[in-house]
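This document opens with one chain alone, in C-alpha cells, the form predicted alone.
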Amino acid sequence: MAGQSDPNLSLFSAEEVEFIAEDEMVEIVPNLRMDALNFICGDFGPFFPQMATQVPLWLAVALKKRGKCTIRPPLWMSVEKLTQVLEAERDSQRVFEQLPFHYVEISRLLFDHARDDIPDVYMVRSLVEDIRDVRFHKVETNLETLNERALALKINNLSAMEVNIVRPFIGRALQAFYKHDSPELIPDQERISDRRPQVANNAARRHLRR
C-alpha cells in the first residue's frame, strides 16, 4: 500500500517504530553468570547460566551480540502458530488475527540478530512476510469502504506498523470528505499554524539505539 513505499506518508519512520518495539520483553538464556544490570528503565538480573529470564529486547540483542546469551523466540514465532494465523487471515477479509502489537519489528530484530536461535528460521521468515502482506491487503480493502458518510473506521488488532501507515491516510480521507460537504467546519491548517506561538525546543534529543 502507499505508506509502504512512501515513508513521508507515515507518522513515524520504520526505525522509530522499531526503536519503540525494543522495549518489548523477551526471554533469554544466559551462558555465564553476571551481576544485576541497573538502568534508568529498571534493573535486570542477576543472570545465571542456563536459567531463563525476561529482559527488554534491546538488552537481549546487546547481550546476544556479545555472545553472552541465546534468545528464545516468542511462542507465536513457531511454524505451527504462524501457519494457523496465515490461514485464518486468508479465510476472513474483515477480521484480523490477534498478534503482538510490534510483531513486525520484533520478528525483524530477531531475524537480524538471533537467526541461529530460531528453529526453521527461513520458513518462519516467509510466514511472517506472508502474514504481513495479507494483512496490508485487507487494510486496503477496508479503506475502500470509506465514503462521505463515514464518521470513523474501526479495525481491530492492527499492529504498530500497520497503524502508523494507515492513520494519516484515514485522517486525510475523512477530512477531505468533510471539507467537500461542509468546508466551513474544517479549520484552515495554514491559518492555524500562523496563529500558533512558536516555542523553542532546547530539550536534549534521545538518540536511537544501535
Partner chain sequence: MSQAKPISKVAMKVRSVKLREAHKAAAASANNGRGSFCSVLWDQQALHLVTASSSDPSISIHDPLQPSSAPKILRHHRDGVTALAISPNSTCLASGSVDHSVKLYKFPGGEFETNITRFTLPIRALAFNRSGSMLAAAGDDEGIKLINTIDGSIARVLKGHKGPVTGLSFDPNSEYLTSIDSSGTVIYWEIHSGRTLHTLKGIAPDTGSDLSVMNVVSWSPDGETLAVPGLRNDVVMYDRDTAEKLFSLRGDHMQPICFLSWSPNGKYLATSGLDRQVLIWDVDQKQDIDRHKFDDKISCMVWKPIGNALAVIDVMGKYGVWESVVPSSMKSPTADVPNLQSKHSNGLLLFDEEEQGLSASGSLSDLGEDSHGESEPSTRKRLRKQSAYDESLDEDGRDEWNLPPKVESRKKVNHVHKESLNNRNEGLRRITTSASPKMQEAFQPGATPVRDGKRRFLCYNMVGSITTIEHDGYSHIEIDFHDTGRGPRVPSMTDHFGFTMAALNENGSVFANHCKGEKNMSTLMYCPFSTWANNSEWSMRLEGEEVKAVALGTPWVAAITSFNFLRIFTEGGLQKHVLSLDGPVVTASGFKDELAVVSHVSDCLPSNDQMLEFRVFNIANGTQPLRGRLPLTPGSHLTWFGFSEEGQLSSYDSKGVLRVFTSQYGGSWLPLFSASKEKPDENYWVVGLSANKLFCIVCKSPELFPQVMPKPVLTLMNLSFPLASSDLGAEALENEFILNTMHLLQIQKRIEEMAGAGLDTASLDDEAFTMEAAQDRCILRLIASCCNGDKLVRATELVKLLSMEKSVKGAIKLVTALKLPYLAERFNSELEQRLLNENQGTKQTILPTSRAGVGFSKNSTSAETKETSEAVIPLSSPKLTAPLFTKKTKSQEGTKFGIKKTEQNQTPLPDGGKEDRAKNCREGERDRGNVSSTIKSSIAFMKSSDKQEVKRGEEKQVEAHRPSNPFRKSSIR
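Residue numbers count along the first chain shown, from 1. Predicted, not measured: the structure shown is a model, and the values here were computed from it.
Although it is not shown, the form predicted together with its partner chain is what the next lines describe.
A.B. asks: If contact means a heavy atom within 4.5 Å, which one of 37 to 45, 54 to 62, 24 to 32, 159 to 167 is the stretch that engages its partner chain in the model of the complex?
C.D. replies: Residues of 24 to 32 come within 4.5 Å of the partner.
A.B. asks: Would you please decide whether His137 lies within 4.5 angstroms of its partner chain in the model of the complex, comparing each non-hydrogen atom pair?
C.D. replies: It does not: once its partner chain is placed as it appears in the model of the complex, His137 has no heavy atom within 4.5 Å of it.
A.B. asks: Is Arg72 close enough to its partner chain in the model of the complex to count, meaning some heavy atom within 4.5 Å?
C.D. replies: Although its partner chain is absent here, Arg72 would touch it in the model of the complex, with heavy atoms inside 4.5 Å.
A.B. asks: Consider Gln50 of the chain shown here, and say whether it contacts its partner chain in the model of the complex, taking contact as heavy atoms within 4.5 Å.
C.D. replies: It does: once its partner chain is placed as it appears in the model of the complex, Gln50 has a heavy atom within 4.5 Å of it.
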